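A single chain comes next, written as structure tokens; it is the form predicted alone.
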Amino acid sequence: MTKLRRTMLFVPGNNTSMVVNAGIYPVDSLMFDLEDSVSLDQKDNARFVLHEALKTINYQNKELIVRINSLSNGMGQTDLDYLIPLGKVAIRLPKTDSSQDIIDCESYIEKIEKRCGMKVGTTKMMAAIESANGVLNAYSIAHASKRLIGIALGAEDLVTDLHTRRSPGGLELSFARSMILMAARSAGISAIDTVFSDLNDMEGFRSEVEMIKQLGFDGKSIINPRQIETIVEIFSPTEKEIIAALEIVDVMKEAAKMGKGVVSLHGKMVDKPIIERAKRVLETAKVTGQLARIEDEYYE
């Protein structure tokens, strides 16, 4: 199963305390930021802090990702020179407008890998889509490199580009979310939703997480540990869903023995799409550690 990316916590690269202690939070991915959260006069310091932390700190089994600066001003290349030789992080490319942005970044990464004696392709990438051009080019971006593990929505820059602002219901992001999700699914990579920046509106946050889960997103970028629990709860299968999935898999095993491809369970037809969803639920439950206990009780 693809690695869980339900929670992706942003960590400012120049905040030494947060960088050092980020591993204590129960998230799937840590997103160390060298771009927007770091002022121009702090870029060098942030690179040094992050480089030293990644060399010495064990972040356990968390996925480590770094949002670099743009390649257009040369700072992104400097970030890559510092980080790629460590062999520990995936690279999130900000403000990705086209597939060429991915190709250019991959080309520079490959040069570093070869120079360091690393296996070409070791370093994975993510693309952050934050503009109208990026949204319209989402499909080609998602298919631009085998290194890509996901594409993510960056809403603040996008709504500025659209000449609007974010609203509680997120209507202005509907098209972008759909485009990014479809592009990610067609490429077989993760789709990550944008941050929810109002920490005082936990009810609105919950509603947005429920909505993007229903759309099919794999997870959400977050800016505060307070948001972790809600996302994990919503993106983890319930006990009822796990039991239903176990029933579906069992009934199809019996059907297969009788040469049947379609059966009925609790008055509802069970066919291939239903089985695939059930298997996905069980795979997720296994990764989250829920399956073993429920499976034991179910088969007692």
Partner chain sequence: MNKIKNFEAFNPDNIENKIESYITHRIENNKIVGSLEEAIKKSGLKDGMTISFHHHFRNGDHIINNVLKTLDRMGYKDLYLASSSLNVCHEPLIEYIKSGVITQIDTSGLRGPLADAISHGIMENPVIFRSHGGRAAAIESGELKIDVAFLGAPSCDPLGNANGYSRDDERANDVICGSLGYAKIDAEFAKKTIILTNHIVSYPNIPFGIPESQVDYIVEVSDIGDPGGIMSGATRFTTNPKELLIALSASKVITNSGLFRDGFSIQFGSGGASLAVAQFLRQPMIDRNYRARFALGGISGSIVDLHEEGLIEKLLDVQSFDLKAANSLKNNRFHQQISSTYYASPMNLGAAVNQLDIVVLSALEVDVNFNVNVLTGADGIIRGAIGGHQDTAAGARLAIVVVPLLRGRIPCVVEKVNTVVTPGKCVDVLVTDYGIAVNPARKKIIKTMKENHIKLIDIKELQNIAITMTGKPKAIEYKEKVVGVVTYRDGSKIDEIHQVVD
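Nothing here was measured: the structure is a model prediction, and the numbers come from that model. Numbering follows the first chain given and starts at 1.
There is also a form predicted in complex with the partner chain; it is not shown, and the following applies to it.
In the predicted complex, residue 206 stays away from the partner chain, with no heavy atom inside 4.5 Å.
Looking at residue 293, you'd find a heavy atom of it within 4.5 angstroms of the partner chain in the predicted complex. Among residues of the shown chain, residue 88 is not one whose heavy atoms approach the partner chain to within 4.5 Å in the predicted complex. Proximity of residue 256 to the partner chain in the predicted complex: non-hydrogen atoms within 4.5 Å are absent; the residue sits far from the partner. This chain lacks the partner; the member of 198, 172, 156, 229 within 4.5 angstroms of the partner chain in the predicted complex by a non-hydrogen atom is 229.
Of the candidate stretches 264-272, 239-247, 24-32, 39-47, only 24-32 contains residues with a heavy atom within 4.5 Å of the partner chain in the predicted complex. With contact defined as any non-hydrogen atom lying within 4.5 angstroms of the partner chain in the predicted complex, 57 is the only contacting residue in 53-83.
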